[in-house]
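Just the one chain here, the form predicted alone, laid out as structure tokens.
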């Protein structure tokens, strides 16, 4: 009897300790998720009561030109951003992990943009991309090259945002750098004795050993890039001609500018499903290609 009473007392104490988290989870996560699922099945204009319409919002997506444009822009941005950031972070990490003078300062300089607020980053890049007075076009002009209208030309605007995204690679670089430190020196010594070149050691030793870190960076990059919002919102407002309209921006505009919260909720769930499919696909591919060293 006393054992049961003690067990119930321990359970009550445990529940009391986790109750702030449980209440927060229900109020700020579970309830909004359930409401968004419900709203996605309704015609909800914020100021009026939701009207149940079933799957009409999802059926409307097939004929929505802006939806397909936003999806295409987001996938293109994600593709080039993830590939570019992965290659650049690996290159910088390998370069800065060498015992050279000033490597620590350079590593800090590469990581510094990660600490700058996104709005400040966007304002700085707006000036860099300025077609008349920007530093990029000024440097190109000094070399005799006519720089484009980076953010004003629909052919260049999205790639300009991709270029800007490569500015913030401090975190993936540190992840790769930490993985490089964990590669056993004995493997490099064995590879050198076998006559491998520097490229051979990198390809057959370094890449397999850091592949778990690369998989992590790729998955995080996919999740981040598929929900990019602030840079195009601040710098281009989705223009020119919807060339930089991203999925998250379209959700925002649909909900708070067009007043269609139900349709925006359906868009948000489609975004979640696409992100989940791509992230799980990358994880499944990583399980086949990633080398996990035995403990």
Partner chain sequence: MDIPSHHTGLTRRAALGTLAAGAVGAAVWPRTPRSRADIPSGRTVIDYWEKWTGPEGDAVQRVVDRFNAEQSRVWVRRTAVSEIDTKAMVAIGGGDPPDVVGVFSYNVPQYARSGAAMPLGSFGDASTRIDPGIYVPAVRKLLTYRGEFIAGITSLYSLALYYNRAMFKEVGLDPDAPPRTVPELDAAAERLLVRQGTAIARAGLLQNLPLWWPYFWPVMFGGVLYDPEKDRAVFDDAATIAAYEWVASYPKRLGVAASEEFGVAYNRSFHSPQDPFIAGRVAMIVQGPWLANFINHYGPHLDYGVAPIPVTPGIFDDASPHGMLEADVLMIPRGCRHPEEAFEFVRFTQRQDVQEQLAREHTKSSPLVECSKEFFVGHPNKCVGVFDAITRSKNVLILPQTPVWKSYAHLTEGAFDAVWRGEHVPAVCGAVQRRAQEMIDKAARVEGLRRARG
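Positions refer to the first chain, counted from 1. All of these numbers come straight from a predicted model, not from anything done at the bench.
Another form exists, predicted together with its partner chain; not displayed. Remarks below refer to it.
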| item | value |
| --- | --- |
| Contact of residue 105 with its partner chain in the model of the complex (heavy atom, 4.5 Å) | yes |
| Proximity of residue 82 to its partner chain in the model of the complex, heavy atoms at 4.5 Å | no |
| Partner proximity in the model of the complex: residue 256 to its partner chain, non-hydrogen atom cutoff 4.5 Å | yes |
| Its partner chain contact in the model of the complex: residue 151, any heavy atom under 4.5 Å | yes |
| Its partner chain in the model of the complex - contacting residues of 158 to 183, heavy atom within 4.5 Å | 174, 181 |
